[in-house]
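Given as structure tokens, the chain that follows is alone and in the form predicted alone.
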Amino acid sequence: MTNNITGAKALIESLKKENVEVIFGYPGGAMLPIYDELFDADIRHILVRHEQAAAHAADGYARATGKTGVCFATSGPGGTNLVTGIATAYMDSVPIVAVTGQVPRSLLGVDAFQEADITGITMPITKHNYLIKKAEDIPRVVKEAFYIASTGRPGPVLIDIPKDVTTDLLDFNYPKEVNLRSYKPIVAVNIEQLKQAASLITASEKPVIYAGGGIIISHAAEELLRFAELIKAPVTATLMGKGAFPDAHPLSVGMPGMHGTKYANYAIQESDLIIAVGARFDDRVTGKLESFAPSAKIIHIDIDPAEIKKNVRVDVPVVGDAKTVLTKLTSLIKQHQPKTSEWLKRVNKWKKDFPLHYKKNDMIKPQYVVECIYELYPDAVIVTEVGQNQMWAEQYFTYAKPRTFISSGGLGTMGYGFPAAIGAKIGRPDATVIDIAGDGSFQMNSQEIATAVQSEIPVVVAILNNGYLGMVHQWQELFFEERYSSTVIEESVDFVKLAEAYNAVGLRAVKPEEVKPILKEAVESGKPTIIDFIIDKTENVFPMVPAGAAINEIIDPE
């Protein structure tokens, strides 16, 4: 026990007890006592240029490392600027702890300067949040926050601390454990559910494994591989599940859904059994629900019971951690002799007949840029913005390991990629970290070039510059009679000059033969680098399932 320390010091000491290595934040009046204590602490602080970027950087750090990310913001607009990043983490089940300053307790509720009810605002987008009223509660609340954020289905937790609480004194005693009566993450797995699942699997002739981000969160990639090879079933991985199963493995059929591979969608639609693990059957995967996998029974394995049966009918629900469930299922059916040989022949024929494709010409194709990144840096951590760039990054880079693809999935947050890449590089300094960006999305948080330069974070941003808000422009082209309302942004900024204005490296490629040399120059510079790839404006993302269609009703021009 340490006697008579301030609430601010108790917060910093509590974060140290949780082995926090880095905090992404932006100071303000309500946070002054906390930042004063942080000045002498052996915790690295990364000063971002916008609070939204602090939340995204903490998120990217968490996804790249598996640890809980931490971000700071002041009261009022500081807290509200975190909201998009917190919502992004919530949708994708990412563990972050956000600490916000608040006006003094005596001013709560009177519309004081820079007051906002941040706990009320973030209630729908956090696993839990706290408004601390007593300094002595700080150690307990921090312990609980990290426990809640990182266990069960992970997610963001917010701690709001009035300024006068940070200056009050307390006797510091950090709790050794957490015991929350209302929060008990499910650990045990129902054996009857497992037996029912095993029975369906052994009877199946056309199974498909549908793997989601839960595989990565639970560190279950090896268990998934063993399970898939045991039952000899094709594996399709969601956007959040990229890297959970090696793309190059013969059983891999790529991503399903709106911009998934034809063969993944065909396999799902013709399967007799879907084994969903750590995935939530979101609308981008299922398409028209009434037409989704019409002949398949469904086993849904998820740690969050609220996700099971939420979107699709389920024949066998299995509530539990993916790693535990796959281990037990594999043990139950280890003597199984799969009946899938004919099914795999059919799936492999689809893979041969309907590969991902694009036509090359004398312009830079965005798909080619991604292929070159993979050829040069196959072990890179790829972070993406949102839009066409995100889909090309998913389709044309061959992912082999978990936590090498980082992207905003559920919320689809433009501006996510660059600050998330900064967080990922902090978490994995020895990795090559490349943000594959669009010219529209990058501009939403381009001010973070200053963060990367000041903190010497050598991330590379590969902008696929087509002068459009590409994905919306594509929809306008295909479904709105080419009425391009507010989606043309060409010649809006010189990204090379922008990079140089921030003292970063700016590079540009306009010909296909320039792509690889410039990528090498960017990575080898050891500095924050922005590459402006001037790509073919006519290129769109295919395959594509139109909104409201079944996932085998695919647009894919030759």
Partner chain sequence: MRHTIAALVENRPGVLTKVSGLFSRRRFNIESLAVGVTERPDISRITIVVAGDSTVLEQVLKQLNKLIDIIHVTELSSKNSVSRELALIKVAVDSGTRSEVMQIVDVFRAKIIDVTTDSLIVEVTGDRSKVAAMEQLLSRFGIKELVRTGDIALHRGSVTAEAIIAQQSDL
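What you are looking at is a predicted structure, and each value in this text was computed from that prediction instead of being measured. Positions refer to the first chain, counted from 1.
The following text describes the form predicted together with its partner chain, which does not appear among the structures shown.
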item	value
Contact residue in the predicted bound form, from Ile148, Leu273, Val94, Ala197 (heavy atom within 4.5 Å of its partner chain)	Ile148
His128, Lys297, Arg403, Lys365 - the one with a heavy atom within 4.5 Å of its partner chain in the predicted bound form	His128
Contact flag, Ala306 vs its partner chain in the predicted bound form, heavy atom cut 4.5 Å	yes
Partner contact for Lys352 in the predicted bound form: its partner chain, 4.5 angstroms, heavy atom	no
Proximity of Lys359 to its partner chain in the predicted bound form, heavy atoms at 4.5 Å	no
Contact test in the predicted bound form: Lys184 vs its partner chain, heavy atoms, 4.5 Å	yes
Contact segment among 221-229, 421-429, 309-317, 467-475, judged by heavy atoms lying within 4.5 Å of its partner chain in the predicted bound form	309-317
